[in-house]
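As a starting point, one isolated chain is supplied in structure tokens, in the form predicted alone.
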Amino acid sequence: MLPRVAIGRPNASVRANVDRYRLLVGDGLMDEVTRLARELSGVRICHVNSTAYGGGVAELLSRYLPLVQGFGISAEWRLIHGAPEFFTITKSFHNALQGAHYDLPESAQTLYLSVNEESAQLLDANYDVIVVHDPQPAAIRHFAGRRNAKWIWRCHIDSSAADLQVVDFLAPYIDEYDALVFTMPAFLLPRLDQARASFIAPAIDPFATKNIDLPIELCRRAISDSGIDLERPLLLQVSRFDPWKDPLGVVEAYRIVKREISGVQLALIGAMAGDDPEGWRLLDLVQEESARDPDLFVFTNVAGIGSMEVNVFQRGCDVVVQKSIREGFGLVVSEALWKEKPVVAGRAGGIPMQFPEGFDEYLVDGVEECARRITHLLHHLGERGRFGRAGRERVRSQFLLPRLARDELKLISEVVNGKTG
């Protein structure tokens, strides 16, 4: 049996907590989710991915599944497992789907397929809908067979410039799914049936530990305890240590800003994902930079930084940076905007859709432009406030968890009733 992630079971207290979202998103959306949940009563849903911690997919599922359970949906979460070599290969798949070239050797194909075949044999057969996330377990549908279930493949990656060699390898396996989900139309992989594709953006949970309201004085005190001087400006990037998030580019932009604003500081907070061996190598490079600069701070979940600490830093910093080169969505952008923080971010993937109208100038295409926009915000407190307030309203209306629940439950209902493709 594939390992099950413990996410709790629906009960009266969870059901009561669902109602707190009404104050934020309104009765219309919540009533629509309630109706969809009733239509899916008795439908057993399973989500499958490759890790329970680190990275946006695990974070999203850890909040999304308890919410839909609270509406009475039967939903579980299972993990595939593989040797470190398997995750090295799937990280190369991830990079290739984001635009890097990968000469896919036959040995890698064989190992990838063998892990998916073993995982398929361990997957329970008592589900009505199976949602498979990203490339790591994409071939599990092929080896599992239909099993009287409907199958959905959900891609969270910015695959707008995917390497065709990897696409050609994965496409026959992905093509066996009943429905495909991408964040936006530009991500739809070639070789796939567009008629079966839906486009659903992720969302954040405003009641997660990472996003709940906290007193600003508590945040400032906690940041100060970490060694940061709050009398001086603080920049922050929160992301996995991944070349596509460009943490070294953030360091370079910070140093350009420092030429004009000498007291500026930078904190990099990064989660280490269980399915991303490449992240450890990049962390070493970032830590080497930090060792030479007393105003550059690096924190990871390995060192005890968790969701509450991320919340504290996002609320207590002056400007949030998310200088991604490729980005499927970038949950941290919505997290920061929800906290009314201005964000300077790469013009990549799903990031622009999160920005409020009138603030596109803070979407950047390079290090020097990033530094200029940061510097401008540090010099203009009023602009930071306007940006933050507009950003919070954008997230409230478009990127909170109940909207995601509505969109995904609507798709599942259509798939169950044979209305897709």
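Start at 1 and count along the sequence shown; that's the residue number. Just so it is clear, the model here is predicted, and its values are computed rather than measured.
Keep in mind that the form predicted in complex with a small molecule is missing from the display, and what follows is about it.
- Each of G56, I269 and V310 is positioned with at least one heavy atom within 4.5 Å of the small molecule in the model of the complex.
- Contact annotation: the small molecule lies within 4.5 Å of heavy atoms from the stretch 325-333 in the model of the complex, the single such stretch among 74-82, 278-286, 342-350, 325-333.
- Using a 4.5 angstroms threshold between heavy atoms, V238 counts as touching the small molecule in the model of the complex.
- The small molecule is not drawn, but in the model of the complex it has a heavy atom within 4.5 Å of K245.
- The closest heavy atom approach of R154 to the small molecule in the model of the complex falls outside 4.5 Å.
- Remark: K210 counts among the residues lining the small molecule in the model of the complex, judged by a heavy atom distance of 4.5 Å or less.
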